[in-house]
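There is one chain below, alone, in structure tokens, taken in the form predicted alone.
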């Protein structure tokens, strides 16, 4: 049976970043945020020998498994795997513009074939898990609401309940995936119009939400928001999400929270790279000006595999920078 969960505030899937380790940190920091895995190609999901390291859930619910693929049989298998790993949702990526993804015939290029996307969603659907979609407004440099509406109209025939919309077009050539996150213009108005036409679908807004106050403001008119880079830069913002978005009591970032995360990753050292284990935390050091001393120490401790010293340094840093 499908679980009823809130998608009011979602942490976006980010390739190479929203690993099981990042999701564990996010869940420690926020009880209510809806989390996503990184996008995983269905072939990797089905056949990879390292699948456990990629999709391990470890009770981080509510959480979605995002997949990339367009082969019906593979998508049906992927949905069953998501159920086995206790995910609340399986999400089809129809928004990634990278050349590698295009070569695999999935991601944003699928928006050219709305019938195929409809068939893909139907392959994912199961009475035990929610099947959802993440898409763009369209393709190319020119916005076209009619194209977007016709695409959503076809997808709506599946009975889909949740669609995440990155409110920009995808440009499939000439700019990088990183450029695709900023260069194509935003159009929240397209999402406003589509949610009014299809009131039975919950539309989650993604794109351009660069601070928590903006997320709060957008939630006054949209069903939910999805945030990526803001959390990547400083995951400790998630403690504010439960307070501001879900009206819970403020949670301090204290030693207990940091200790909990390190207790989770310490047994995995040796089986997993120290960089992958620590990557959810590294941006708070490397994106803040005047932190050369911390950067140098972190590099040294990582080379020497000294997790205990990194833990102590992190506690000191959080205290000094008033992140708590």
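Quantities reported herein were computed from a predicted structural model and do not represent experimental measurements. Residue numbers count along the first chain shown, from 1.
Same protein, other form: the form predicted together with a small molecule, not shown, and the subject of what follows.
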So in the model of the complex, does any heavy atom of residue 114 sit within 4.5 Å of the small molecule?
-> no
Does the 4.5 Å heavy atom contact test between residue 226 and the small molecule in the model of the complex come out positive?
-> yes
Should residue 22 be classed as touching the small molecule in the model of the complex when contacts are defined as heavy atoms within 4.5 Å?
-> no
Evaluate residue 195 for contact with the small molecule in the model of the complex, applying a 4.5 angstroms cut-off between non-hydrogen atoms, and reply yes or no.
-> no
Given that the partner is absent here, state which listed stretch (69-77, 199-207, 121-129, 238-246) has heavy atoms within 4.5 Å of the small molecule in the model of the complex.
-> 199-207
Would the small molecule in the model of the complex be within 4.5 angstroms of a non-hydrogen atom of every residue among 7, 33 and 219?
-> no
